[in-house]
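Have a look below at one chain only, the form predicted alone, in structure tokens format.
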């Protein structure tokens, strides 16, 4: 169970794992860990109404209860899913208790928890990113806007559940986003803002599994943030994704490693941060090369759901090796050939006021090419599966190509029923040859 202060010469046994979090990402992680032949039990806390892992009713930031559970169950590996517990220092507390944890410290989580901090780190590391202004008052933000005389991207500095960014099309829209933030729309997360120059180009997500010194890159993925088809409507946490995104071939992915990921990891080390977890670079592929839009300190959601089925059963050992700071002891991570597609089914009213409490009926059985990962679901007193959040669940499917993968995902959604179900029918339009 314990991770020693000295680095091991071989990885300890791995039979029992705990995933912290209650969304679709965590369901996918629990499912992926369960595919490892060495793993006997996976717990998930607090979990949701889905069936991946054994759910335990412990809040994701309750470090004392989490430590007690890990000791009681002799947990060999803890994987922290969401950004909030990472920013709150849950990984630090568990490591201090002697547990092997995949997930960065609170200091490392600033990569996501403070956009201004991350921008400064990128500047130190020479990582390409958009020009920006960090401001801490409405007056200062409006003064920047008046000076540049063009619309900017307005970002809440802190954690805002993926909804703290406005890509303004007009000066008026940028001004309104600034006023909304300082009037409390994002709580304390919006008390400081980062204003950025707009970049042009397609977006892609790249994930690196880090042990503090080394990294393993996963296939690139692309998600769809806008609520409505045609990439219109408000930003959401993500309405679907696909992988591997053909925007980056092997050579381009290696360029991202050298230009972005390795310099960032080195800059973290220079600050005394032993970063053991996911480094998620959200990139825009501009005419001048890849530029970082933002960093996150955890797997993306829904990119995680679409990536996990492509990763081999060695994943649990790779995450364990990262937790111990010894990726050199991990087996190679195999990647399945083919394409993976993920479509999110959301509740009516999402993202502003999602409806909750509707019964869910799922008339399909997951198999080797199709998965259902629950997110905003729960069980009522009669054990009926009900909606309890904005993004209710994800249907994920794999195929020889994207046409086949998305055809299976969408045909499977025909067998998912709840009042007000809403989902985009054009997820993956970039890679599908037919609708």
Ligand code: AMP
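Keep in mind that what you see is a predicted model, and the values were worked out from it rather than measured. Numbering follows the first chain given and starts at 1.
The same protein has a further form, the form predicted in complex with the ligand, not shown here; the description that follows concerns it.
Although the partner is absent from this view, residue 150 stays clear of the ligand in the predicted bound form, with no non-hydrogen atom inside 4.5 angstroms. With a 4.5 Å cutoff on heavy atoms, residue 198 counts as touching the ligand in the predicted bound form. Residue 192 falls outside the set of residues with a heavy atom inside 4.5 Å of the ligand in the predicted bound form. Although the partner is absent here, residue 225 lies within 4.5 Å of the ligand in the predicted bound form, judged by heavy atoms. Between 288-296, 139-147, 327-335, 270-278, the stretch whose residues reach within 4.5 angstroms of the ligand in the predicted bound form through a non-hydrogen atom is 288-296. Remark: all three candidate residues (155, 167 and 284) come within 4.5 Å of the ligand in the predicted bound form, counting heavy atoms only. Checking 203, 124, 231, 249 for any heavy atom within 4.5 Å of the ligand in the predicted bound form turns up a single hit: 203. Of the candidates 130, 253, 116, 159, 130 is the one whose heavy atoms come within 4.5 Å of the ligand in the predicted bound form; the others do not.
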